[in-house]
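What follows is a single chain, given as structure tokens, in the form predicted alone.
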Amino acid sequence: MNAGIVKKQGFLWEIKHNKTLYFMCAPALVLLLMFSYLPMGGIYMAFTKFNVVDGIFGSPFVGFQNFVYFFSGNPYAWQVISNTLILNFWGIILGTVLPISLAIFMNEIKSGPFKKLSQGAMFFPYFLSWVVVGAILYGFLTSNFRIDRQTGETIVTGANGVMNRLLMGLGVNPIRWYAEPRFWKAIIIFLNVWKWSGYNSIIYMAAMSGFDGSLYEAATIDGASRFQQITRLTIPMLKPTVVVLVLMSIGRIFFGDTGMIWGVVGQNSTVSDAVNVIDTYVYSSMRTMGFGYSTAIGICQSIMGLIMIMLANFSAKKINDGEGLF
């Protein structure tokens, strides 16, 4: 009898009784197949010396030559990998702490008009393109001066940006920001966190809107202060949301934002080496090394990202008693 029940509730039974739902999913599944799975045949390009005339499957097969050159024959590769990991690591840390702090602060604000105005101001940077952000940054960091070699005096030769005017007002020598690579990792991290913190804080505020208010009422009756309620109730209840978002970010830790780097730095070769990421290197290598080499790097990014998210998810489930992404 149990076998009969299992047989009736098999694949055909599922299709028959939920055919309307599967029919509704069909367009999305077709698009997923067309744009996500069928193009995966192009992965073969990574193992060839691709040329347009012969096509993907007609180009000379070179095996793992593209992969070997990326990891052993190209010293610049390790630099872009290091840049990508550093920028993403601090982006994950600061991009988690700051949005949570903003969400908690906004949740504590009781004034309706001020709260809405503050949320709008925080969300506004999300709508700015990186080209606009780069232009705003240029206005802050413009450097138009020269140093007299004999006297060491700073001679202004044109209008300086806000930061250099501030430094000069404090009696500090101005800085040629666009000629000093050592500052740009911090600048890129700051801009990335600034642009996305407002958007991410909305996610945490949405999660907090579903918290049980009776818990806070009980804590108030027991004499808990607002700070204690935040540390003992709000933050622990936000943990599942934090875990999911952090795990998703870790899965992208080997991927960089090409639009961000080129929108902010542009073609400035002086500072680009300090902030170039794997994705910008991939795009540049298409013109010099070909599509096969670029595809090989893309595959490496995906594999390393998969390994990282699997390890992070395994660790999260161990630490949080089975609480992970999957």
Partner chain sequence: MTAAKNSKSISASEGRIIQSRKDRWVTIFSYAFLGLFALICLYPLLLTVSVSFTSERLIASDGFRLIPKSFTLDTYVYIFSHSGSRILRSYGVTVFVTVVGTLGSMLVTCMIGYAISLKELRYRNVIAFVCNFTSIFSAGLVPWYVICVNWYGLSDNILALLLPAMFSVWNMFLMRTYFSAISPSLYDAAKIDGAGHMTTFFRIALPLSVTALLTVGLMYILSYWNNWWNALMFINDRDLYPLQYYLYSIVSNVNAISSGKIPAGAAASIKLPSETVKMAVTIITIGPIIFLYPFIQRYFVRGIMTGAVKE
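Between two forms, the rigid core is the largest collection of C-alphas that superpose within 1.5 Å. Not measured: the values here are computed from a predicted model. Residue numbers count along the first chain shown, from 1.
Keep in mind the form predicted together with the partner chain is missing from the figure; the text below concerns it.
In the predicted complex, none of the heavy atoms of residue 80 sits within 4.5 Å of a heavy atom of the partner chain.
By the criterion of a heavy atom within 4.5 Å, residue 108 is counted among the residues contacting the partner chain in the predicted complex. Using a 4.5 angstroms limit between non-hydrogen atoms, residue 84 is distant from the partner chain in the predicted complex.
At a distance threshold of 4.5 angstroms between non-hydrogen atoms, residue 213 is out of contact with the partner chain in the predicted complex. Among the residues 89, 123, 183, 71, the one placing a heavy atom within 4.5 Å of the partner chain in the predicted complex is 123.
If you take 263 to 289 and check each residue for a heavy atom within 4.5 Å of the partner chain in the predicted complex, you get 263, 264, 265, 266, 267, 268, 269, 270, 282, 283, 286, 287, in sequence order. A displacement of less than 2 angstroms separates the C-alpha positions of residue 225 between the shown form and the other one, with the rigid core held in common. Once both forms are fitted on their core, a CA shift of 2 Å or more is seen for residue 111 between the shown form and the other one.
Compared with the form shown, the residue 29-residue 244 C-alpha separation increases in the predicted complex, the change being 3 Å or greater.
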